[in-house]
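Heads up, the chain below is alone and in the form predicted on its own; it's given as C-alpha cells.
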C-alpha cells in the first residue's frame, strides 16, 4: 500500500498554470470519482487553493497512479503535457506523508505560519468523506495531519508575530493601547493597504471607524463596509481630535499634516496618546509630528521592519516545527507498518483454528458416547490451548520491533502460511 502526493504550488507553477489546474468546489466530487477510477487508486483527496492544487492518493503501484493522474490533468484541463510535468511534483510514502504534514502546519505556505491552509485542508477532507473517496489510510492520514498542525501551533510560535503590514499595524496599536474596543480609528484616504489595516482593526473591535477621503462617495462606500462614518476630507483635522488610531494613505504628493497641525490636535485631545500609521509613499505626514509627546508615528519602513523581524522569528520557530513533523511522520509509519502484520495475524489464527477443529472432529469420531457437555468442555480446553500457543507470536507481530519483517516471514514459514498476505 502506497501513499502518493501529486501536485503543484506557488513555488513550481505560475498562476496561469495553477488557475488551469484548480478545481472549483462543485468540480471536486466528479474529480474524486475519476481519480478513484484510475488503476491502482483506492482512495483520493483533492486540495485546491489559490496557491496549490494537490491530489492525495492511496493505492498500489505509484508509477501507474502518477501516470494516470497526469493523463487525467492533461485531458481535463487541455494543458500541454510538457508544461504540466514541469510544474508537477510527486511525493511518495515517507516524503508524501511529510509533505502533507508540512502543508497542514503551514510550513510550505507562501506566508509561513498563515492559518488558512488548515481550514482548507479540513474542507478538502470533508468533501472526500462526503463523496466516500477516502478510506482507512487517508482518513487516518488527514486526521493525523490536522492533529500535527494543531500540535505545531501549540508547541511553537510559528503562527505568532504579524507578517503583514496591516496586521503589524494592529499589533503595534495593541502594544500602545492594550485594549482596542474603546478606541476610535480614522482612515485618511481609501487605499488598499489602509483598507486592509482597517479590516484588522475592526476585527479587534475598535469602537468606531471614521473615513476621510478626497472622493466623498468612495469614503462613504468604505465607511459603510466597516459600519463607520464618512466625513469630508477638509474636516479631517477637526475630527482627528477624536481619533486614537489614524491610518494615512491619501496618495497626496506632499504632507497633509504637519507638526503645527498636530500640536493643535493634541491640545484638543488633552494630550491623550494617538497612534498614527503613515503608509503613503511619498509620506503624507510630516515626520516631525513624532517629536510631540504622546504621538506615536510609524511609516511604511517602520512597519516593514517589524514584519521582517517577525518573519525571522517565525523562521526560527519553523525549525522546531520541522522536528515535530519528523517525529509525527515516524509515528504514522509505525501505524502503517502495523497494518502489514494484520493479515499475517488473521491467517495465523485461521490456521490454528482449522487445526483445532480438524483434530476435534477426529477425536469425537473415535470416542462414541460423549455427551454434549463433555464435548463442550473438550472444545473449550482445545481453544484455550490454541489461544495460549498463538498469543506470543501475535504479540510479537503487533510490536514495533525493528525486526518485525523478519518475524512476519518466520511466522509464515513456521505455520505454513503461504500466499500474498497484503
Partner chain sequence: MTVFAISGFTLHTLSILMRFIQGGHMPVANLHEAASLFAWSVVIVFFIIEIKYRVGLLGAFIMPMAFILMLSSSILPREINPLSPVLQNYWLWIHTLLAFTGDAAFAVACGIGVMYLIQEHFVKAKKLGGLFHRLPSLRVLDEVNYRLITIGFPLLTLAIISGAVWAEGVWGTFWRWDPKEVWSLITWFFYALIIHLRITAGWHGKRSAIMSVAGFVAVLFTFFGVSILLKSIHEFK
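Basically, rigid core = biggest C-alpha set you can superpose within 1.5 Å across the two forms. Remember, it's a predicted structure, so these values are computed and weren't measured experimentally. Numbering follows the first chain given and starts at 1.
Separately, the form predicted together with its partner chain exists; it is not shown, and the next lines address it.
In the predicted bound form, no residue of the candidate spot (155, 315 and 327) has a heavy atom lying within 4.5 Å of its partner chain. Only one of 294, 215, 258, 116 comes within 4.5 Å of its partner chain in the predicted bound form through a heavy atom, and that residue is 294. Of the listed positions (126, 182, 80, 308), a single one reaches within 4.5 angstroms of its partner chain by any non-hydrogen atom in the predicted bound form, namely 182. When contacts are judged by a 4.5 Å heavy atom cut-off, residue 304 does not count as touching its partner chain in the predicted bound form.
At the 4.5 Å threshold, heavy atoms of residue 298 reach its partner chain in the predicted bound form. Although the partner is absent here, residue 172 is a contact residue: one of its heavy atoms lies within 4.5 angstroms of its partner chain in the predicted bound form.
Contact check for residue 272: a non-hydrogen atom falls within 4.5 Å of its partner chain in the predicted bound form. Note that among 87-95, 194-202, 284-292, 129-137, the stretch whose heavy atoms approach its partner chain to within 4.5 Å in the predicted bound form is 284-292. Fitting the two forms on the rigid core leaves the C-alpha of residue 286 displaced by at least 2 angstroms between this form and the one not shown. Core-superposed comparison between this form and the one not shown: CA of residue 177 displaced by 2 Å or more.
After superposition on the rigid core, the Cα of residue 301 moves by less than 2 Å between this form and the one not shown.
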